[in-house]
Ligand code: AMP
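Next up is one chain by itself, shown in structure tokens, the form predicted alone.
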């Protein structure tokens, strides 16, 4: 299909600001032809997004973004074209949500012990019905005047090595890919340059990712907007025979930590587009 699209974004069902319907409306208003909703470890917003997309004549790709572990590193794998109701995926996501809930509570305990009174209640108010994440704590800190901005919240409290950091009890990368494939989806390595990996380590990740059945990689993504970065990722995509994906990682309007819907740079023209491989 032709027209602009975005295969990586978030709603208030996880750590975004907008409801799924509002995300779809924004995408339609920006002229996107297709959108994938890829909330963290949940597909709870997909049905709402699909209904909204139908009213706008926009193609909605059901998706999810899984947090996984490989060699004790946390990576993100996006599943695109999944069946949200597939039992194996549903069971896996329930497991992930329990891990997220436990992590969210543990982060709050650490922050309150460090003197940020009301952290858990504040983050819960920000999160609404979603599982509490570090992003919700960061937004509460900004809103309550604890820090001046989102990045400062992570730098002072939430980044690895800081008082509020709690490692996630995520599943192995191979298991996450199995859930995605079992639900009829394509597993995509999200924002490959966002993990601080050297070229040698990225090669090891891609070796393991493709061996486990991973089929795509984000080449044009919000965290790697520079042309040289896109070209570098395009080279890895060609080397491993992966389908190329593009996504903004949108979370909220005006959010300096992410890009606008549809604002990921263009894919190199010779790469096979993952969108074209989806039913």
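The model shown is predicted, which means the values in this text are computed figures rather than measured ones. Positions refer to the first chain, counted from 1.
What comes next is about the form predicted together with adenosine monophosphate, which is not displayed.
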### adenosine monophosphate contact at residue 154 in the model of the complex, heavy atom, 4.5 Å
yes
### Query
For residue 103, is any heavy atom within 4.5 Å of adenosine monophosphate in the model of the complex, or not?
yes
### Query
residue 134 near adenosine monophosphate in the model of the complex, any heavy atom under 4.5 Å?
yes
### Task
Although adenosine monophosphate is absent from this view, report whether residue 195 comes within 4.5 Å of it in the model of the complex, heavy atoms only.
no
### Message
Taking a heavy atom within 4.5 Å as contact, would all three of 15, 40 and 150 count as contacting adenosine monophosphate in the model of the complex?
### Response
yes
### Task
Mind telling me which stretch in 198-206, 81-89, 95-103, 177-185 gets its heavy atoms within 4.5 Å of adenosine monophosphate in the model of the complex?
95-103
### Summary
Across 210-226, the residues having a non-hydrogen atom within 4.5 Å of adenosine monophosphate in the model of the complex turn out to be none
